[in-house]
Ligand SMILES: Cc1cc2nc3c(=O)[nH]c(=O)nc-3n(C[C@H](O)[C@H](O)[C@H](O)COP(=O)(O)OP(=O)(O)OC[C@H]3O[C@@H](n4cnc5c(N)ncnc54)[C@H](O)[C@@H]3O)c2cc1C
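Just one chain is shown here, as structure tokens, and it is the form predicted on its own.
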């Protein structure tokens, strides 16, 4: 971005994981960045929530070892945090229904073969079917003729393998039911996590709140390196004048050489809709379909001796329960997570507590009743990652105006890694193309 020895002044709208990733890359390239965030707490949809019962996340997250860009930037802004910030668990799928799959600490691909061959609850034929499916990923994932949906791709797999392996992994990775989910994207995630280094398939469960994990260290790093963070500044308008971009908020305005909109699709659409040449792009963003995530925090008056930090159930909806004693030292507290659409969206608090209690008693025997701490429903947690979705590019019809976010075109679904990669790629594109002749807004 440097030209004639001068720094470029870049405005970034949104202090989520994508916007902060872009800010780090641009700062490393010698530019002056200003990050605008409308909320009090940074992190976007992956942030902490402060309640009367303490600090929680607005949704329980789990990363995987293949999230290389996220871990790299965490190390950039806070050396050592990619190790100390997580409980790293080898690939483990624990279902009280009788299925247990756990990857041993062996070199790849032996770790995965051993995990499947030694898994409890599957017949040898079922295990071999799963192994052959994984071996075939690189052959079909990115060539013409592969199935559109995950449901089509796994139709030939044994029913138990579908229900206990591929369907839960699909919902966890894409937050989209298998009948709607893109097999191309799912295959990419599986390929990166299951066919690379053995550590790529590890589950990384945060051991601190999400805002403390990356957004806060990132903002501190940006400020130490000359950048500016403006919290509780909601940008309400963009205007291109005299070859620069003007950002406006309630009390003031500022000029920038380029802008990255790293806000939600809804906020991005409202800003783009004010620019005549961007109205079709704004309509595209308004047309995005979403999937929800529900996280319920519950507390027991006793310690829960769960066998693994993460336990899954299949019926009546796929549900994962996190043992927060293992990660946050909160004795007796769990977080139950149900991803994507389903009948659980109609459950009230009593039904949620009953579902959690029934599942835990199935594993641990009789327990005292839990109390509800917090139920968080993100109705627009992620976009529906279907095979026909057309995701917008990083560029817009306006010179010097870019988009970044987990919904922007890229190989990953709506995950933290997808958001971070988008921010990095957008910043790199801006650096390369800052003098490209794109039409100016009119």
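Just so you know, these numbers come straight off a predicted model, no measurement behind them. Positions refer to the first chain, counted from 1.
From this point on, the text means the form predicted in complex with the named molecule, which you will not see here.
Undergrad: Consider residue 38 of the chain shown here, and say whether it contacts the named molecule in the predicted bound form, taking contact as heavy atoms within 4.5 Å.
TA: Yes, residue 38 is a contact residue.
Undergrad: Is the gap between residue 65 and the named molecule in the predicted bound form 4.5 Å or less for some heavy atom pair?
TA: Flag for residue 65 set to no.
Undergrad: Taking heavy atoms only, is residue 25 within 4.5 angstroms of the named molecule in the predicted bound form?
TA: Answer no; every heavy atom of residue 25 is more than 4.5 Å from the named molecule in the predicted bound form.
Undergrad: Would residue 399 sit within 4.5 Å of the named molecule in the predicted bound form, counting heavy atoms only?
TA: Judged by the heavy-atom cut-off of 4.5 Å, residue 399 is well away from the named molecule in the predicted bound form.
Undergrad: Would you mind picking the one in 32, 391, 374, 61 that has a heavy atom within 4.5 Å of the named molecule in the predicted bound form?
TA: Selected residue: 61.
Undergrad: I need the one stretch from 265-273, 180-188, 362-370, 84-92 whose residues put non-hydrogen atoms within 4.5 angstroms of the named molecule in the predicted bound form.
TA: Among the candidates, contact is made by 265-273.
Undergrad: Mind checking whether each of 15, 381 and 416 has a heavy atom within 4.5 Å of the named molecule in the predicted bound form?
TA: Answer is yes for this spot.
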